[in-house]
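Coming up is one lone chain in structure tokens, specifically the form predicted on its own.
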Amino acid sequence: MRAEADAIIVTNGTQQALELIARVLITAGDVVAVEEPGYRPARDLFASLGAQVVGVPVDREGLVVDLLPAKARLVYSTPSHQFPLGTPMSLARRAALLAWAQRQDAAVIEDDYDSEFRFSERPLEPLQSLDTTGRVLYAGTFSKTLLPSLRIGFLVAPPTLRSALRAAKQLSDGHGQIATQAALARFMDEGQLARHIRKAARVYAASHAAILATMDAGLADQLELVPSAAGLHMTTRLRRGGKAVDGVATVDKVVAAARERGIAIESLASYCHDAPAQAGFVIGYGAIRSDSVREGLARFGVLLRRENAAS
């Protein structure tokens, strides 16, 4: 992705980037489209500012553009690695989304939250690179590549919105964490960030492979793995007899029992706002050793089989 320095606004994480965009582009009552299932903090933020938030389904190619509400002023998307399903948006769907935004005079947020960690194919071009009409606002963060407590993110803005976004940033917090930003800039200039990402990617690739192997070997009859080749989590859907099932209650019981045994997993339903909720698990492996991932999955498998047998 290419961007001149004037296009970049440094933020206190992605959440502030989303808030700046929302304050500039939407007013109470405006329609904002988000992915369903999707990133709940983004939905909650837009709703807190008075927006009418509408969930739009996601399929194997990403956000279903044909189902976007015609009145949407803003679309929030995670095209590189859909959160939480993990599927990338296809090139055809990306082109369709940009064409839709131009027709409807809408803006698109591209939240690229963890695409630095990829384990197979070359990533598709970002929406921002494909955009020729200034519709895309690209938001990124260092909390995934470095550490969650590092509240530094960035926003790449089209020319027509830069002045307004800078003014909103100035009103929000002035200038952010200058000393931390300077340290991070030096870290990047010296090539340390690139080296860190390469090293971390090897570790996460091992964890990713461990999850794939465990699913194939012992849990394929219990769970359907949603294909994903990037990021720090994987998503599965509950199934029985080879078919996906509506077992949200079963998932909730397994999640609760796992937490009692020191295993942190999440229910896919917690990322679903619109009915029906999807029954599945979100399995994160960030900052966890691959051998711990294997041990946790083994315990998780025992709990899952026990609960499925009981129900």
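Each residue number is its position in the shown sequence, starting from 1. Computed from a predicted model, the values in this text were never measured in an experiment.
Not pictured, yet referred to below: the form predicted together with another copy of the chain.
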- Message: Quick one: 81, 227 and 278 and another copy of the chain in the predicted bound form, is every residue within 4.5 Å by at least one heavy atom?
- Response: no
- Based on heavy atom distances of at most 4.5 Å to another copy of the chain in the predicted bound form, which listed stretch, 194-202, 84-92, 128-136, 172-180, is the contact stretch? 172-180
- Query: Using 4.5 Å between non-hydrogen atoms, is residue 258 touching another copy of the chain in the predicted bound form?
  - Reply: no
- Message: Using a 4.5 angstroms cut-off on non-hydrogen atoms, would residue 29 count as touching another copy of the chain in the predicted bound form?
- Response: no
- Message: Within 4.5 Å, heavy atoms only: does residue 290 come near another copy of the chain in the predicted bound form?
- Response: no
- Message: Can you tell me if residue 148 lies within 4.5 angstroms of another copy of the chain in the predicted bound form, counting non-hydrogen atoms only?
- Response: yes
- Item | another copy of the chain: the contacting residue among 59, 66, 44, 274 in the predicted bound form [heavy atom, 4.5 Å] | 44
- Quick one: which residues from 10-26 get a non-hydrogen atom within 4.5 Å of another copy of the chain in the predicted bound form? 12, 15, 16, 19, 23
